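A single chain, nothing else alongside it, follows as structure tokens in the form predicted alone.
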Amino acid sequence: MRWSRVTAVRVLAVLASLVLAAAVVPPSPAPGAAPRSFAGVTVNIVTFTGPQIAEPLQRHGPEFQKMTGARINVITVPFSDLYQKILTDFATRTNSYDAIVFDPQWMGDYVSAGYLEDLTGRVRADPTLQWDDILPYFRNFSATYNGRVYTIPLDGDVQMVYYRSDLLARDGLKPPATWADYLAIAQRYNGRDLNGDGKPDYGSCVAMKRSAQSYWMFLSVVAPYLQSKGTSQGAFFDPRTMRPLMDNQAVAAALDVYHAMLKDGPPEQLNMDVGDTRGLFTSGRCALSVDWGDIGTLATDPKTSKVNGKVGSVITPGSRMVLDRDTGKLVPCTTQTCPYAIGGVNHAPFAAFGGWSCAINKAARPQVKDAAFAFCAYVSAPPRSRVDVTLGITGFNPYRRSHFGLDLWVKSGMTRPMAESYIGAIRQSLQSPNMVLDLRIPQNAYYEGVVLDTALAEFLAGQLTAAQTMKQIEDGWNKKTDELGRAKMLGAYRASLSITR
């Protein structure tokens, strides 16, 4: 049979469906196996300040030291500095970091330069890691580059929408299927008292702070307008020419939605990070939010949440219009233009970031590499991770099939309907044949974290029109692509989408 460009993605979706359907907790390793001794070894691991992501590393470090003798030293830096800190440390051969817990998007820079240890043999040889329990998407994307394994996944990232299920049920409303639905719900509840404290609250709470991951929120909005024919179609560039897809009617429509979110949110939303918007949602002050899996677990915290049992989750909304890439115009969804549409709506769930993952510095000493791998495998293994993904403070979201058992989430404090909604939204996203992969080409941090982030911040601040914003992004991306070599970058982009023909 002749394989089309989306065949591999369909197969991957089927595999994900099968392993998710199993949803059973695999057995623990056989008891009695003595842990390897790493007495006197110190492993320096860098990640971002957190407390998310850093917290479980810091908590499990002393446990691991007690078992093996290895001291785990967790170094934290602000997220906005993490990419460059790691790159500079490796490039200058300072090698302060033996292991990194980082965005797997950055493998395009770190692996191609020879900075990361190839873990392919190790992951298969370590039974405690239970490699096949990790969902295919995270094994094949977050962990793998050019067919080789370089990271151990510690987290699973996909964005979705959270809504106040009690409010929508009371008013006979359905969760948003399109971004137009999202805005209608946000407008309905904006300015109302949603938590009973007598103060007006907000229709939508979305992190929009510059240099704080906010551009991923916009990419979730624009994704269903740009990609409609499967994951390997891509949503950032034309995979035939490397022409950016950032100056057209689709992006203009998404900018309109994004700006409307600003109007229906807190007045200080432009200065809010995800930690701020999560706190507002769990305190009952928001009808809607766009986020990763964190709100689901934070909403169960009895110390801070006022919405436990009142939260629903749904795959990110879609669009009934999609981009015709040849004309730059929006066209209606049909069976030809949107083969994966649901009820005439094209959904394109965005795997923003890809999930925090652990990699090892190739230049580290052999015993330090062994200890670093053993620690990351220890954190990722089901006995630890299936607890960590249910704790809001960790920032870890489900990424193993053993993380999808309903009872696990009910025991963590979710009501059964809330748990069904939460894991259902994640499952539907991961199974989507139209999932959008985050950008994973050399210097993606510049494309997204500098050019895109800057243009969006200036647009929301009223410094740029929509037309100027799109042109600024398109020009910035083209300039960087030409600087790095268009043919080289086209090859890297096509490889990231598994396009081989």
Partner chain sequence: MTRRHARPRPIPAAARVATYLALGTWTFVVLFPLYWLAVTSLKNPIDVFSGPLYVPFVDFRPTLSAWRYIFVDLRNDTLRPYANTVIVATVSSVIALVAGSAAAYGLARFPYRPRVGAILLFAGSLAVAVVALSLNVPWPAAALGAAALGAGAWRAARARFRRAASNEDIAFWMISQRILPPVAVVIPVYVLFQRLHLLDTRTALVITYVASNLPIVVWLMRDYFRSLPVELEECAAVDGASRYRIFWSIVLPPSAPGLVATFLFVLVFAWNEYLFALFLTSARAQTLPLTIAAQNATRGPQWWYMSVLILIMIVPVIAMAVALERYMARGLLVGAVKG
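Residue numbers count along the first chain shown, from 1. Every value quoted in this text rests on a predicted model; they were computed, and no experiment measured them.
From this point on, the text means the form predicted together with the partner chain, which you will not see here.
Student: Consider the chain as shown here, without its partner, and state which of Asn146, Thr241, Thr334, Thr94 has a heavy atom within 4.5 Å of the partner chain in the predicted bound form.
Tutor: If I apply the 4.5 Å criterion carefully, the residue I get is Thr94.
Student: Among the candidate residues Arg188, Arg325, Arg384, Lys85, which is the single one with a non-hydrogen atom no more than 4.5 Å from the partner chain in the predicted bound form?
Tutor: Here the answer is residue option Lys85.
Student: May I ask whether Gln52, Pro78 and Gly279 each come within 4.5 Å of the partner chain in the predicted bound form, counting any non-hydrogen atom?
Tutor: Every residue of the spot touches the partner chain in the predicted bound form.
Student: Is there a non-hydrogen atom of Phe64 within 4.5 angstroms of a non-hydrogen atom of the partner chain in the predicted bound form?
Tutor: Contact check for Phe64: no, nothing within 4.5 Å of the partner chain in the predicted bound form.
Student: Decide whether Gly392 counts as a contact residue for the partner chain in the predicted bound form under a heavy atom distance cut-off of 4.5 Å.
Tutor: Answer yes; at least one heavy atom of Gly392 falls within 4.5 Å of the partner chain in the predicted bound form.
Student: Is Met261 close to the partner chain in the predicted bound form, meaning a heavy atom pair under 4.5 Å apart or at it?
Tutor: No, Met261 sits far enough from the partner chain in the predicted bound form that none of its heavy atoms falls within 4.5 Å.
Student: Though only this chain appears here, would Thr297 touch the partner chain in the predicted bound form if you measure heavy atom gaps against 4.5 Å?
Tutor: It does: once the partner chain is placed as it appears in the predicted bound form, Thr297 has a heavy atom within 4.5 Å of it.
Student: Quick check for you: of 344-352, 169-177, 316-324, 85-93, which stretch puts a non-hydrogen atom within 4.5 Å of the partner chain in the predicted bound form?
Tutor: The contacting stretch is 85-93.
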